[in-house]
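Heads up, the chain below is alone and in the form predicted on its own; it's given as structure tokens.
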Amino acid sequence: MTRPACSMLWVALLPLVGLIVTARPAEAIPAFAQQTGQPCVSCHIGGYGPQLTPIGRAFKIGGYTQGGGEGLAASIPLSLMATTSFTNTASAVPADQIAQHYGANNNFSLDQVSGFIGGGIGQHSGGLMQFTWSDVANTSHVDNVDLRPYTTVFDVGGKELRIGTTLNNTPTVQDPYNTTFAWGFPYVLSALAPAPAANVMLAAGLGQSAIGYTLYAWYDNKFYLEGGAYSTLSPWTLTRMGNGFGIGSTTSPAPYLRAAYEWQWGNSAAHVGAMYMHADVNPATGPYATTDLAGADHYTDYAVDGSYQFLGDGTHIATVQAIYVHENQNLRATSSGSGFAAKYNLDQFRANVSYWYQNTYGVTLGWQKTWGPANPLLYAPGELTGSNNSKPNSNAFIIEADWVPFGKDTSLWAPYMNLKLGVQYTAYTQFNGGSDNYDGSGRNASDNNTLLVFAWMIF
């Protein structure tokens, strides 16, 4: 098989990988509550997150170093999480696309079991590391990593300036705002339902396949600025960590910039922000292989985001979050010898609105839209996961209802016992470029409408 053909085959298989690496909670762990002596709802909306309050953002930007807890438990930085679910799609998955050990539809699954190490080491260092096993894929891997090697505070003109460093494995996993992708809504996804093929680099291109070094500054609890770069790990390292290449391997450090400004008044908070990332990559030809025979592909993402939170006295809580990303693609390597053009673009918009009553009962409405011109290099026809017209267009509406019986400071065995029960429905009006026969094999976008019933536990 030629290099371009092999590369295009691997790109076509990427959505299949997405079917088994989609469930991705959560940032809130009981170890943090024990360390700080604060209930989970001080830092998180909806019982135990991962959506952060202003206090939660300060804890994260502060390097997970805040103390205040007492007793032996306050010094044990360990937590355990599990998610299990039932998945129903409007139409069954084709027989040759069924995940091993599961049926074509109506599946119960143990989506993931995760162990966490998280907390502060003294006043200047801290971090969070997640290790995950999935029953769907029957694999284990190093999941989200956000380490803060050093952070400190200066007085500048009577205002606090916090400076810090991060070492992380996924762009936006270190970000304090839940508009971004690593901790963005939906916080729980089905590991078995089909997912759209197209995604921007910031959302999925280098996730858990790279190491990022960034420096950040936070002035007066308002202005946040971060900059750094990401480089993909070697195939040897990725194999041992249980992760694979996303869009490819970086040929040089990929710059990452983030800026945000936050307002806090009364019982409300809001922010506006922007992000930039550029990566030159040798395209992936397999989970642990890339090629440089035809040079590199180039991806550049520009994003703007914003949010609003009304926290009140904890009885009624409302939030709004949105992010828009424009991506320029120069697929010079992937297009080599194919006869197709190299330059394309991709746009994505995500927004959600949520309401919580006493951090116990919640409802969230979400909208996700991805669009762009036909791109035969990345999106080819194929049963279930392909695009018959080579377009990336997908449009989804999500509604989720949650109940948190355990997860507040007054809950039984708090903060050790945390449980969220949820019902989520995703409706597609477009999927991989079309509404009807989107894959060229007769499947419609609405056939992928998904009902997900889940239980999310953290101890």
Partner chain sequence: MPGFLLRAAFTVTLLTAGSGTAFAAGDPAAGKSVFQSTCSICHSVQPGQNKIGPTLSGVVGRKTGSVAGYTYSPQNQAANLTWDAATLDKYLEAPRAMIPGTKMTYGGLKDAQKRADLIAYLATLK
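Positions refer to the first chain, counted from 1. Keep in mind that this is a model prediction, so the values were computed, not measured.
Another form exists, predicted together with its partner chain; not displayed. Remarks below refer to it.
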Quiz item: 96, 290 and 388: each with a heavy atom within 4.5 Å of its partner chain in the predicted complex?
Solution: no
Self-check item: Any non-hydrogen atom of residue 159 within 4.5 angstroms of its partner chain in the predicted complex
Solution: yes
Quiz item: Is residue 39 a contact residue for its partner chain in the predicted complex, using a 4.5 Å heavy atom cut-off?
Solution: yes
Quiz item: Counting only non-hydrogen atoms and a 4.5 angstroms cut-off, does residue 58 reach its partner chain in the predicted complex?
Solution: yes
Quiz item: Any chance residue 139 has a heavy atom within 4.5 Å of its partner chain in the predicted complex?
Solution: no
Self-check item: Stretch in contact, per heavy atom within 4.5 angstroms of its partner chain in the predicted complex, of 249-257, 280-288, 171-179, 219-227
Solution: 219-227
Quiz item: Which residues within 53-75 place at least one heavy atom within 4.5 Å of its partner chain in the predicted complex?
Solution: 54, 55, 58, 59, 66, 67, 68, 70
